[in-house]
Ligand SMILES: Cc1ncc(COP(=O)(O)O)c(C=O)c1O
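To begin, one chain is listed below as structure tokens, in the form predicted alone.
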């Protein structure tokens, strides 16, 4: 049978993730993996989760295995509302923050509408937006812009991208950002830059989708207000339990204007009816009891040590000409190599030597970034981080020398 004749026009917009392909094809128990955004399994407090599950069954009985509300369990929504100071009516539960990204695309994007992302940005968002045939416009704006001049530069970069899209007959819809410890760069958007983007969005009547799975993983520096707290009228804020509890729970949340959340909820009903009830009860109990907060403090301490160690190993082993970000939190360090080094082509050499990473090219929606790579420091133990950085540095050094 010729299945191709049966597919929809949109099916060809679903492109497999190169990151997921890495994990599908290799046994990573034998590989030093800096590739995925995996949290450390040491942070999964199974004893607390078991106690919370037992408490949930004792308090609520078999009903926790039944269907639930599409908006999410009220018990969990209330716990999130209390923790983050957001009215409960402006809180919805998603089946992972990735679903939140996808729902935003579903309710806002028509084919060829323009969406604007910081360049580079999260691969999962690029995949989702492309699946709805959005025209993705990458914007390069300094994340640490400060003062009036810096804010003006950020505003100018986004305004120019929006004007260019309108001049081509496109309809701009939203700006997508990861302002706290960006995936892949680890960089944080300054307060001035956030305010500048908000000013542009309001002036252009666009929404901002603030993807914030790493916000609570801050190791150093000062907190910056969330974009939602600065502009709740035009920001959808996406959060996740994947990095602060466990990714296997597949739970996230969204803050936003009630009218927009109603559209998200109606859309979600056609996707999965409701988030998993048992997972929601466990998460709510861990939040309300304070056990999630206590474990999060331990998690932050662990990741701080791992970040510091990876930065020290990069300083020790990497050859001159290689630069990297110094994140104040999150899970990633982003390396920039000399322009002639292609990290896509370099990957097979690294993997043959037992080390995996993700080329920065995959995080650029409009090309570029082939001389960059993303490294994750949360997943591997420190002894393997040292070994992996040493091996990777040797491969990079050899390719730099070969090109001279």
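Positions refer to the first chain, counted from 1. Computed from a predicted model, the values in this text were never measured in an experiment.
Just so it is clear, the following notes concern the form predicted in complex with this ligand, a form of the same protein that is not shown.
Enquirer: Heavy atoms, 4.5 Å, this ligand in the predicted complex: which of 194 to 202, 92 to 100, 224 to 232, 132 to 140 makes the cut? Say which one.
Expert: So the stretch in question is 92 to 100.
Enquirer: Mind checking whether each of 122, 211 and 214 has a heavy atom within 4.5 Å of this ligand in the predicted complex?
Expert: Verified in the predicted complex; spot residues all in contact, yes.
Enquirer: Just checking whether residue 240 would be counted as a contact of this ligand in the predicted complex - the rule being heavy atoms within 4.5 angstroms.
Expert: Yes, residue 240 sits close enough to this ligand in the predicted complex that at least one of its heavy atoms falls within 4.5 Å.
Enquirer: Report whether the minimum heavy atom distance between residue 307 and this ligand in the predicted complex is within 4.5 Å.
Expert: Residue 307: no, not in contact with this ligand in the predicted complex.
Enquirer: Although the partner isn't part of this model, could you tell me whether residue 176 comes within 4.5 Å of this ligand in the predicted complex, counting any heavy atom of the residue?
Expert: Close contact exists here: in the predicted complex, residue 176 approaches this ligand to within 4.5 Å, heavy atoms only.
Enquirer: Taking this ligand as it sits in the predicted complex, is residue 190 in contact with it (heavy atom to heavy atom, 4.5 Å or less)?
Expert: Outside the cut-off, so no.
Enquirer: Please pick, from 281, 77, 250, 218, the one residue with any non-hydrogen atom lying within 4.5 angstroms of this ligand in the predicted complex.
Expert: Of the candidates 281, 77, 250, 218, 250 is the one lying within 4.5 Å of this ligand in the predicted complex.
Enquirer: Under a 4.5 angstroms heavy atom criterion, identify the one residue in 183, 299, 127, 325 near this ligand in the predicted complex.
Expert: Comparing distances to this ligand in the predicted complex, the residue within 4.5 Å is 183.
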